[in-house]
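Let's start with one chain on its own, the form predicted alone, as structure tokens.
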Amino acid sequence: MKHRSYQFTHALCREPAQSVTQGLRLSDHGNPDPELLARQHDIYIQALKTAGVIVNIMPAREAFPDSVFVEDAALVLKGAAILLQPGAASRAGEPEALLEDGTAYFKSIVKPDLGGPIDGGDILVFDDLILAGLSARTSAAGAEGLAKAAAEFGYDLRAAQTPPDILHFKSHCSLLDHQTVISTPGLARSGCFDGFKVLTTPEDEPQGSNVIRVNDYVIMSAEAPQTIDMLRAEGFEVLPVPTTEVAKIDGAVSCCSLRYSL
């Protein structure tokens, strides 16, 4: 059985801009080093290729410091990109930039009237269910608008509440397979994953909860060694990648690509 939630043929990334030093962040841990971030991004792209997908790369967009985080601008279902509505004002133009640069990479691009903001970082996609975390960047109206668009592709959408101290829902959870989630203990206790198997990260490694399952591999931050060991003990093939620089602007592995099948 093919699981469209983690079995992919393609990924789309965007080169990081030099302006990434102006990226948004909840707290100041210093500016990312653009050159080091570019090298780490290259390692990330190689991990995607190792996982068996064709990786296409769009050019940097200097006008959008956070545009390396392509996942926030769109949701791809069955090879079609649904343009989203980022909740931060400085990122409002990123979906249009994706439309301009990425048209050739999808079966189609849909631009729905969502009725409110919604970021891709708040969207967790299973085989036929979408969990949308309501947050400072994603409103109930945005989730409702996406639910209507996603229904056209055969997906149900369920809203969940993101704790107020978390930027994005997927900052604290990810999909490991079609019925298994990895989550921080706090988010797991909220009950939003009822009906799914849940693995929890160590209390001191919340960064380990953001991973991407791509075919037979789990790509995740090298800065979460305890979680890496836990997942390997569970039988997952883990590809660690460095994330020190994207973490300075609240980024992680899921943000940096759109994964899908054509």
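Here the structure is a predicted model, which means the values were calculated and not measured. Counting begins at 1, following the sequence as shown.
The discussion below concerns the form predicted together with citrulline, not included here.
- At least one heavy atom of residue 24 is located within 4.5 Å of citrulline in the model of the complex.
- Citrulline in the model of the complex is approached by residue 250, whose closest heavy atom lies within 4.5 angstroms of it.
- Contact between residue 160 and citrulline in the model of the complex is not found at the 4.5 Å heavy atom cutoff.
- Of the heavy atoms in residue 255, some are within 4.5 Å of citrulline in the model of the complex.
- Just one listed stretch, out of 29-37, 62-70, 220-228, 201-209, contacts citrulline in the model of the complex at the 4.5 Å heavy atom level, and that stretch is 62-70.
- For the partner-free chain shown, just 91 of 87-110 comes within 4.5 angstroms of citrulline in the model of the complex, judged by any non-hydrogen atom.
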